[in-house]
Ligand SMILES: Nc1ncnc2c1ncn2[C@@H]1O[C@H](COP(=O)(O)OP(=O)(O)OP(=O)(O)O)[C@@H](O)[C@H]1O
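Only one chain comes next, encoded as structure tokens, the form predicted alone.
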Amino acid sequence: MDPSPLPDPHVQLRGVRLAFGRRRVFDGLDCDFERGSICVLLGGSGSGKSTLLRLVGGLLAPDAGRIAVAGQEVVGSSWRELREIRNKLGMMFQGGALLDSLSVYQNLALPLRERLRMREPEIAARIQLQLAAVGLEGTESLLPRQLSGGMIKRAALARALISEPEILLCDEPFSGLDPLTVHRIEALLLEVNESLGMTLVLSSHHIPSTLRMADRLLLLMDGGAVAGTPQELLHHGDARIREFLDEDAAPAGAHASRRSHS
């Protein structure tokens, strides 16, 4: 079940093992995320999608195994090394994880001040552009509690993208969004991938958007993973894999990956 190595991995996991008490999440997981690609993590509840993103971000340590981000080892790194790794990452959490006491503007300004040490006029201009990109113009002064669930998710995505990271990790970016906003966020993610060469790793239950966007899928199951293009997994020899992709979105099965994988 282990995926084949990719030629230019931006993120690489080898032999990763992790258990929470008696519940084993990963049992020797090997997987690669190719530089400049869009990979979507799939799997049932409890399969480890969010956990995998947290491992890559250094927010959780595995029981065993190696994790490398842009060639730097995450496991066992010092605080300074881990900070250097995280400066290459943009992270969007499922619940948003915005700081409650800060306005939308202040939440987005924080990484620009801490990581990039930009001047205030430059910060203001970039925040304005980023909020417009996610459809949140005019929300700069609002606090997170004044936003709807969907707005919180879009603000969290704006914050994850604001420093133009090498790698973007998104946990369920489409959950709770209306169809129009789903398409808007899809377009934004495709744009940053294509224009900036940003590597995107998303977890999702949204099969239609997955089949429209993904260069590669990673289906977590049985403590390991099955990887391939959308078309490869849609026609996989394992019926469980085909059923997972077809169950909620049979009409979307006609969608091929947006790029040629010849």
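The shown structure was predicted, so the numbers you read here are calculated from the model rather than taken from an experiment. Quick note: we count residues from 1 along the sequence shown, nothing fancier.
Keep in mind the form predicted together with the named molecule is missing from the figure; the text below concerns it.
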Checklist entry - Since the chain is shown here on its own, which stretch among 229-237, 194-202, 207-215, 45-53 would lie within 4.5 Å of the named molecule in the predicted complex, judged by heavy atoms? => result 45-53
Next on the checklist: Whether residue 94 contacts the named molecule in the predicted complex should be assessed with a 4.5 Å heavy atom distance threshold; does it?
Outcome noted: yes
Checklist entry - residue 25: heavy atom within 4.5 Å of the named molecule in the predicted complex? => result yes
